[in-house]
Structure formats: C-alpha cells, structure tokens
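The chain below stands alone, shown as structure tokens; this is the form predicted alone.
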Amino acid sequence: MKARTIMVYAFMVLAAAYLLAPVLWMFVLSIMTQSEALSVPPHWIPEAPTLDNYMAFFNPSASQATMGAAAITAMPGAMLNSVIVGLSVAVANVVFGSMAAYSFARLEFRGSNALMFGYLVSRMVPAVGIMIPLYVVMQNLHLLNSLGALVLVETAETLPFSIWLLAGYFRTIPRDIEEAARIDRCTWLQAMIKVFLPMATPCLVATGVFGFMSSWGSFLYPLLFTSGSGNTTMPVIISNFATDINADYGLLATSGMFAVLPPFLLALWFQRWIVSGFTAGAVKG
C-alpha cells in the first residue's frame, strides 16, 4: 500500500509539473529582457530580472518597445471588451440554459431525447466549418465589428453544453421540494426562482464560469467578426506581438500572464461550486 501511495503522489507531482511548467516559463520570460529571452541555451533563472514589460502596459507612453507599441496601447480596451463579452456569455448561458434545462428535467414531451442529442451533436461541429455561414449571417444582421456578434456566436457555441450540464443537475433535485412550494401557493415560476434555482447554485456557477472561460480564450471568432483595435478582444491583440519577421517574447509572455490571471482567479474563487456542479451534472446527465 505504501509503494502504491508513493506512485500516486509521484504521478500527481509529474502531472502538476507538466501542467504548470508552461505557465512558469511564460512568467520567467515576462521578467526577462528581449536579448536574454533569445539567449542560447535558454535558462529558467533570469540573470537580470526586470519589470519593464509589465510597466509598459501601465505606462505605454514611457515604453521603449517599438514593435508592439500599438498592441500595448490597445491592450486595456481589448481586456475590457473580453470582460464584457465573457460576462454577457456567462449570464446568457445561466439564464437561457436554466430555462431550457428545466424543461428537459421536469417536462415530458415528444422528441426531448432527440433534441438533447441534437444539442450535443452541434458541439461536434468544428468552428472552421461554419465560419462563412456565420459571417454572412452577421453581415446581414449588421453586427460585424461589434461585441454583439461575439456574444451571440459564443453563446450559441457554449449553450448546448450548458443545457446538458444543467439538465443533468436539475434531475438530481427532488420533485417534492417544488410540490411543497406549490402547496404553499407559489406559482411554478415562483417555485423555480425562490426554491429550485437556489438549490442549483453550484451548477449555475459552474455554467457561468464555463461560459466566461470559453469566450475569454476565443481567438477565431473575434478575428473573424471584428477589425481594428477598438472592438476586438484580448487574444487578437496578444497575437499582434508576434509577426512573420520577429516577436517580442517579453511582451508576448507578459500579455499572456494578463490573459491567464482572470480565469485562474475565477476558478480558484469558485472551485468548490465548480467541482460539485460539474460532477453532479455530468454523472446524472
């Protein structure tokens, strides 16, 4: 038993190192100068650590960077756009996903299983295969180069999984609780809002976090539907630090740290609800 425990812990340490090594290397690059980042052989410990790459984002006018100057200036607005899109997608997934999932969990109607299967199949369609139809639709709706297009597309992409996850969790909640609320003269809507949804808080939080993280890291749709630095999101701006000719590895790694930090803090803050929401919904669904 002791040898088995040692093997399990060793495997966990190796897995953690495998997952954390890229993030650690990105942080090391962010506090290196460009010349040190390009040194051969590469090294993990910076010889002359510097915060110039971070200060460049807080004070663009004083930055010495030339290749990524435009991207540095556009970074705060891009981060705000990413937050707006992420929060909008999270709220849309929770609101519309909970209503649809409640129907699947509590109402019996013909074709419900086929419809749920269709939702899951839609998640298998690659984004590249529907780029042109989506572009034409957004063009006809006059939503190109707007955050509304990103919210609609990201919501459509994440909503099927949210419905499946919430429906599985809703089925674990006993019907007796709703019936007791109805006996107390609550309408079905009041029973859902005041009794049912509070009990499903872990899964609702997990669904919102899933929607936020999916849209936060999306690159293809913002690149396709937005142009210019005013309406695009952070992943597109980060890509501007690398060109076909050269790349500023310090600024690229620093912007990557800014991109990683919000989802990490969000997952860390809601980790208990995320784990319980995903596990209960996945097992029952």
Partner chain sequence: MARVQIQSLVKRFGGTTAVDGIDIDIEDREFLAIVGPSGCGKSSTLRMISGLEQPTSGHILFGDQDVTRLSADQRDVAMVFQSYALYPHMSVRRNIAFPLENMKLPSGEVAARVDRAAEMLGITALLDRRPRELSGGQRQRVALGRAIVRDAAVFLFDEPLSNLDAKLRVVMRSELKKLHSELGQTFVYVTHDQAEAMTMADRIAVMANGQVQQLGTPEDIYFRPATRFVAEFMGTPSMNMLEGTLLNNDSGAQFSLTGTVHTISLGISLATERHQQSATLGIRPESIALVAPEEGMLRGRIDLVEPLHPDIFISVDIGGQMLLVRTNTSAKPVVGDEVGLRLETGSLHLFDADGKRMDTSTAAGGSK
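Keep in mind that what you see is a predicted model, and the values were worked out from it rather than measured. Positions refer to the first chain, counted from 1.
The form predicted together with the partner chain is left out here; the points below concern that form.
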> Which residue among Ile177, Ile84, Val91, Leu144 has a heavy atom within 4.5 angstroms of the partner chain in the model of the complex?
Replying inline: Ile177
> Any of the heavy atoms of Leu107 lying within 4.5 Å of the partner chain in the model of the complex?
Replying inline: no
>> Although the partner isn't part of this model, could you tell me whether Ala181 comes within 4.5 Å of the partner chain in the model of the complex, counting any heavy atom of the residue?
In response: yes
> Taking 4.5 angstroms as the cut-off for heavy atoms, does Val195 touch the partner chain in the model of the complex?
Replying inline: yes
> Is Leu80 one of the residues lying within 4.5 Å of the partner chain in the model of the complex, judged by heavy atom distances?
Replying inline: no
> Are there residues in 74-100 with a heavy atom within 4.5 Å of the partner chain in the model of the complex, and which are they, in order?
Replying inline: none
